[in-house]
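As a starting point, one isolated chain is supplied in structure tokens, in the form predicted alone.
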Amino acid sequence: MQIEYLDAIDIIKNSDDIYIITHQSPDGDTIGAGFSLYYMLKAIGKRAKVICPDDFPERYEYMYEDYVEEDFNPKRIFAVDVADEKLLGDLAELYGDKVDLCIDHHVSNTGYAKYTLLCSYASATCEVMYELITRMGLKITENMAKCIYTGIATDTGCFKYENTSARAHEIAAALMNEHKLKYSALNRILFDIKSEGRIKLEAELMRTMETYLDNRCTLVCITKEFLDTIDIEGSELEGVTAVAMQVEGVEVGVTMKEREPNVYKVSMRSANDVNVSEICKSLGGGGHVKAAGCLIKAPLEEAKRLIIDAVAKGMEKAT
């Protein structure tokens, strides 16, 4: 059931002992939303714990350095930036049908939670969190500011993606005016610094990139075999989808990541009018119009064929 801000505030105020779940392969928005919600709950005297199917990325340590984990049995389960219970990974079986409140911005949200605060016009779930915290009459703390800025900045590609709203800029400006955060240092961490392993990965993807559909579609594949040859953390794969979009004239960029033999996590990005959310939905996934994903279980060449056929149909619809 979809609800509005006032309903969500009422649910939050009347909840205790809360688990906050973020999605697998965590990015800046789900981590930022999770910990900004944690700091908000602590500010109103609630006990909360942030959990994730995967480890929290070390590059986001500045968001959770003041986090204190407590052991307790949850009375309420909240999820942030999780559009589908399948994105809960190993936690799906345990909590997938027990989520009381989902806070999200994905238009493809499946409505799996009992209540959903869904703002599909928002650039990031952290934008929703900013609105939620301020509408509760709470002061944005330094920790909340770091989390919210990170989520908005990463989900908008440092404010350059088409999903960047005027409100995203307004929130960033408000945070900069009210807090003494070192935003240039944060942006360097988020967008500039790369490990040697990440640089080697990008070089390999450039070398092995494939083009389809009259060079309007690029595809790169990250195999487990190659990842085993370089020193790279799983969290460093975030943002690698941009590689496929760097070629001039490309309409759709596809990145495949091998999870296990014959199982691939697929991420798609669109440059202009192609709706990759609809393409991924046809393959069992979903997401945003310009950024979406799915999971394909098939041998590599068959998986590629399924993807390219779906992209071709999506391009036809866009013409």
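We call the rigid core the largest set of C-alpha positions that still match within 1.5 Å between the two forms. Everything numeric here is computed off the predicted structure, so don't read it as measured data. Residue numbers run from 1 along the displayed sequence.
The next section is about a form of this same protein that is not shown, the form predicted in complex with a further copy of the same chain.
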| Heavy atoms within 4.5 Å of a further copy of the same chain in the predicted bound form: which of the stretches 72-80, 128-136, 201-209, 96-104 has them? | 201-209
| message | Within 4.5 Å, heavy atoms only: does C119 come near a further copy of the same chain in the predicted bound form? | response | no
| task | Flag T164 as yes or no: does it have a non-hydrogen atom within 4.5 angstroms of any non-hydrogen atom of a further copy of the same chain in the predicted bound form? | result | yes
| query | L41 near a further copy of the same chain in the predicted bound form, any heavy atom under 4.5 Å? | reply | no
| request: State yes or no: in the predicted bound form, is some non-hydrogen atom of D90 no more than 4.5 angstroms from a non-hydrogen atom of a further copy of the same chain? | output: no
| Which of S195, T110, T223, T229 has a heavy atom within 4.5 Å of a further copy of the same chain in the predicted bound form? | S195
| query | Even though a further copy of the same chain is not shown here, does it sit in the predicted bound form so that A173, N177 and E248 each have a heavy atom within 4.5 Å? | reply | yes
| task | At a 4.5 angstroms cut-off on non-hydrogen atoms, which residues of 268-285 are near a further copy of the same chain in the predicted bound form? List them in order. | result | A271
| E210: Cα shift of 2 Å or greater between this form and the one not shown (core-aligned) | yes
| query | Is L101 among the residues whose Cα moves by 2 Å or more between this form and the one not shown after superposition of the rigid core? | reply | no
